[in-house]
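Let's start with one chain on its own, the form predicted alone, as structure tokens.
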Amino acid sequence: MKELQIKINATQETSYPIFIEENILNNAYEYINKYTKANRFLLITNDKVYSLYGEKLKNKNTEILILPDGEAYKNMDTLNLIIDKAIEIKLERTDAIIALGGGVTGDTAGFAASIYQRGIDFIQIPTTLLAQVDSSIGGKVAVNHKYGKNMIGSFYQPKLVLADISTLNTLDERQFKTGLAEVLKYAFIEKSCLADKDYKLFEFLDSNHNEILNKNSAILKELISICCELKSSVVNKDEKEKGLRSILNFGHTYAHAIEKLTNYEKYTHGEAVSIGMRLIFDLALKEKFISIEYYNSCINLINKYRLKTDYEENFDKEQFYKTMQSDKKVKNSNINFVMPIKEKEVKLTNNIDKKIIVGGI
């Protein structure tokens, strides 16, 4: 059993544990009841996840709401479905919402928990690699708007995170690689995370790629733990993205535009991120932020995991740029990029010329 602690501002109210283990869902309520005082629960999930794991979370104190799956449903309509259900079953302030699923479920259910009766307890049970290493940690909860991704949301920390790595065995190759894109992101920003130790994630990914792609449970447990430690290091220092936490958006500025322009239907989030990382590496090389040697080593690692690096669309450059300008990371009308500058290090920059930004599109 791996147990990590998120210690935001060193306060008990916003600190919580992450448990990483196989088959932890079999005893989920032992952990939930230890870290919450809730008497009743509203479980939010989707059809596929419920069919696989729903029985493990069923009990007399838990109501279940099954939502449609996919980024296209991460919106206000879905949020209202959750709020309507909570009101219908008379969920109280002392009760809790449980998110069982991937990033879309966790983000939407978490946002609902943050605003229902001004905030009730929230438990994250991520069942995808992407959610286990990234979206379930740190309290970012939101829904999308027609003008941009995650434009409506809040920072709201869960009471605990239960990461059952056995759920990864049911992911198809595409969904597993979606999570690997976020994993590789940490390898490219590790030194900038200001962690207490050097996890050598880049080297770990390079030397264990076969075991990871074959879902070796011991290796996956170690991999997920490292990613959670790195994200925890960042979130503990900057909960609400005033500075440092922005580095977690590496590759995401391009990615969010790609997702928006394809209506969140063509590419998974991880596919868009891996394309976005390739584009930002290209930009960094062109502008001489990084050496050709470092560029090649990073692109080789992305290719080693057979992640998506190209898109099929012929995007209009002007439209692409306008879409990037609507991203929530824009400040004073300038587009902020998390730019690689040397091995495993990045920095924020917003002085890149428009023609250069869309030059590779």
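Everything quoted here is computed from the prediction, not taken from an experiment. Numbers follow the displayed sequence, beginning with 1.
What comes next is about the form predicted in complex with nicotinamide-adenine-dinucleotide (NAD), which is not displayed.
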Out of 279 to 287, 122 to 130, 201 to 209, 89 to 97, where are the residues with a heavy atom within 4.5 Å of nicotinamide-adenine-dinucleotide (NAD) in the predicted bound form?
122 to 130
May I ask you to choose, among 49, 302, 65, 57, the residue with a heavy atom within 4.5 Å of nicotinamide-adenine-dinucleotide (NAD) in the predicted bound form?
49
So nicotinamide-adenine-dinucleotide (NAD) isn't shown here. In the predicted bound form, which residue out of 159, 221, 177, 149 has a non-hydrogen atom within 4.5 Å of it?
149
Would residue 181 show up as a contact with nicotinamide-adenine-dinucleotide (NAD) in the predicted bound form if we use heavy atoms at 4.5 Å?
no
Heavy atom of residue 41 within 4.5 Å of nicotinamide-adenine-dinucleotide (NAD) in the predicted bound form:
no
For residue 107, is any heavy atom within 4.5 Å of nicotinamide-adenine-dinucleotide (NAD) in the predicted bound form, or not?
yes
Is residue 187 near nicotinamide-adenine-dinucleotide (NAD)? Define near as a heavy atom within 4.5 Å, in the predicted bound form.
no
Go through 149 to 174 residue by residue and record those having a heavy atom within 4.5 Å of nicotinamide-adenine-dinucleotide (NAD) in the predicted bound form; state none if no residue qualifies.
149, 150, 167, 170, 171
